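To begin, one chain is listed below as structure tokens, in the form predicted on its own.
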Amino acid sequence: MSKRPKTSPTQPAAERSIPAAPAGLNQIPLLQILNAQDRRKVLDEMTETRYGKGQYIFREGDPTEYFHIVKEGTVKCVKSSLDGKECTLKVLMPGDLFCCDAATFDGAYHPGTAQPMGDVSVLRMRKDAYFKMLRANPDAAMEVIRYLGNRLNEAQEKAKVLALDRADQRLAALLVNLVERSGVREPNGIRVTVRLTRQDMANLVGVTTETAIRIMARFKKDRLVSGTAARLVVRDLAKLKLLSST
């Protein structure tokens, strides 16, 4: 049985329609595969919404009314336990589609919470308009199927990694992934622009916070990384990649 909604989402800071010549949207996979006319139709159904830290895009238990795409910033999806503790499940970056996909398709309520990690801009599209677009655009439907397939593969791979890999391998693999998705090269290495807390890192790789802190201290000692959680720099990406695969 679907869970009843517990609370409404925090109101966004601002919402506006998408302009005729949108900036920064050309790299979104769903829009890339549409022709100009179909892209315009989709954009007409979208609104751009800005959120700040401390707000919520949706909360666990809210009805699934929209599909969302991260335009700017970073969003984390968290799950709450009965005693109020939160566990970070995944981190979403520009171009990522998110909505608790299965829940949206079957009409259930959101099983988790989407929370901005700082100022973010999110594109929203009502699910009835989204489904209409998919029925009218087979190429877009195939793109979404590929996307959902990739998400399933990621979930299966994560389950395998959590079951078989050592904790230091999992944390090294997470850092490699963050560098590949958000790294900015600097004189002393590659800075990770996503600001994860040690608790976030621990949740994402399935270890305790104390274990994550201990492993990160060892990575610093071995000169694989430097800095803090707020400004983390990967100094030796090659060795991290090697560690993540051995």
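Residue positions are given as counts along the sequence shown, with the first one as 1. Think of the rigid core as the biggest set of C-alphas that the two forms share within 1.5 Å after superposition. Remember, it's a predicted structure, so these values are computed and weren't measured experimentally.
Keep in mind that the form predicted together with the DNA is not shown, yet the notes after this line are about it.
Taking V42, V70, V207, V192 one by one, only a single residue has any non-hydrogen atom within 4.5 Å of the DNA in the model of the complex, and it is V207. The listed set Q199, Q55, N177, T47 contains one residue whose heavy atoms approach the DNA in the model of the complex to within 4.5 Å, identified as Q199. Shown alone here, I33 lies farther than 4.5 Å from the DNA in the model of the complex, counting heavy atoms only.
Among heavy atoms of L237, none comes within 4.5 Å of the DNA in the model of the complex. For the chain shown alone, A217 is a contact residue for the DNA in the model of the complex, at least one non-hydrogen atom being within 4.5 angstroms. Proximity of A229 to the DNA in the model of the complex falls within the 4.5 Å heavy atom cutoff.
Across the options 143-151, 120-128, 87-95, 162-170, residues that bring heavy atoms within 4.5 Å of the DNA in the model of the complex belong to 162-170. For E86, a C-alpha deviation of 2 angstroms or more is recorded between this form and the one not shown after rigid-core alignment.
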